[in-house]
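Single chain ahead, by itself, as structure tokens, in the form predicted alone.
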């Protein structure tokens, strides 16, 4: 049976990366580990590790991306929580068997080789949940 291992990250959608970093990095003192463009998601992501997890700041790089649409509809703030799982295919099968609404029926593979999939927020009481297998 697949299991959840940890919270991997909490993603925060932002309008202005520099302004957001002035809070998370400069005011709170969380070190910026990396910033990278994610062309597949049309976004730029800043990774700020913290006690075994990360805060990820996500900013759209195009006006028509999913992140840009989310930002226009809901404004800046928490976007999703990411749960690390040991078997993403098994977890998706388990959720499908329980009639849980998924955004991704099959895992996607990121540029770094990690597999991920999103669970629809309607299934979790309004929280977008990402499943991640390292």
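Since the structure is predicted, the reported quantities are computational estimates derived from the model, not experimental observations. Positions refer to the first chain, counted from 1.
Although not depicted, the form predicted in complex with another copy of the chain is the subject of the following passage.
- Checking 32, 38, 68, 83 for any heavy atom within 4.5 Å of another copy of the chain in the predicted complex turns up a single hit: 83.
- Just one listed stretch, out of 59-67, 39-47, 105-113, 23-31, contacts another copy of the chain in the predicted complex at the 4.5 Å heavy atom level, and that stretch is 23-31.
- Using a 4.5 angstroms threshold between heavy atoms, residue 12 counts as touching another copy of the chain in the predicted complex.
- Under a 4.5 angstroms non-hydrogen atom cutoff, another copy of the chain in the predicted complex has residue 123 among its neighbouring residues.
- Although the partner is absent here, residue 117 is not a contact residue: none of its heavy atoms lies within 4.5 angstroms of another copy of the chain in the predicted complex.
- Shown alone here, residue 134 lies farther than 4.5 Å from another copy of the chain in the predicted complex, counting heavy atoms only.
- Counting a residue when any of its non-hydrogen atoms is within 4.5 Å of another copy of the chain in the predicted complex, the hits in 92-130 run 94, 95, 98, 100, 119, 123, 124, 125, 126, 127, 129.
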